[in-house]
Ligand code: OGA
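Taking the form predicted alone, here's one chain by itself in structure tokens.
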């Protein structure tokens, strides 16, 4: 393939990649380049992609096993590999205020599917319609955060595990459907994970991180909140204002993200997201015994 143009987006992580067209039929060297870039930069932005659902799902398959979207599956048992981010429904009409309230949970810092026994490897988000004002997505690196910790703090958190609980994180935002809640019991993951390719470590936290087994609730929250504040200091945040045609891939193993607000009555926002199951590329869960 011709040499892509790589433009770093932040000193900690992230790159804009020019000269690559994403599809379900890609040369092996191009696909290898994308995989290597995910490991190196953790977040990749590919502008001006001619995307649709068929192309996006085919490309998702190239990176691994697509992950079933948990809301529809939890409520109805129906398997779909797409989630819609924004206020526009599949028929092109605006969603109601209840949907906007539910999606406001995405404004909390989180790693996609950390509440599943096998979390997501990467998320793939393509922008079709974006607000003219607001609605940026912010990202921060748990890998860079870990690298900035003191040796003493690293030793403290290395042996710990963290309970991740979707109902815990989302119930204060909007009611969780009982079937959906039952499909996602709390799970436990190691606090510290190592990238299987380059060996770089990160901690694994976010809004779904509920507690640390063996610690009191107060002490758990204090440590988890301290690490989150450390990770998301203003100078460590990458804020992306999506443009129509942007496709962004990020590594959920080490990246936290959140949406930002916009006027849902004034603007339209429609993005389509797929995810790749972690498998041997994700954190390894430990059975939860409470």
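What you see is a predicted model; the values in this text were computed from it and never measured. Residue numbers count along the first chain shown, from 1.
Form predicted together with ligand OGA: not shown, discussed below.
Asker: Counting only heavy atoms and a 4.5 Å cut-off, does ligand OGA in the predicted bound form sit next to every one of 85, 112 and 137?
Answerer: Result yes, every residue of the spot touches ligand OGA.
Asker: The chain here is shown without ligand OGA. Which stretch in 224 to 232, 61 to 69, 32 to 40, 251 to 259 comes within 4.5 angstroms of it in the predicted bound form, by heavy atom distance?
Answerer: Selected stretch: 251 to 259.
Asker: I'd like to know whether residue 106 contacts ligand OGA in the predicted bound form, with contact meaning heavy atoms within 4.5 angstroms.
Answerer: Residue 106: contacts ligand OGA in the predicted bound form.
Asker: Would residue 273 count as touching ligand OGA in the predicted bound form under a 4.5 Å heavy atom rule?
Answerer: Yes, residue 273 is a contact residue.
Asker: Hey, in the predicted bound form, does residue 205 get a heavy atom within 4.5 angstroms of ligand OGA?
Answerer: Close contact is absent here: in the predicted bound form, residue 205 is far from ligand OGA, nothing within 4.5 Å, heavy atoms only.
Asker: Is residue 130 close enough to ligand OGA in the predicted bound form to count, meaning some heavy atom within 4.5 Å?
Answerer: No, residue 130 stays farther than 4.5 Å from ligand OGA in the predicted bound form.
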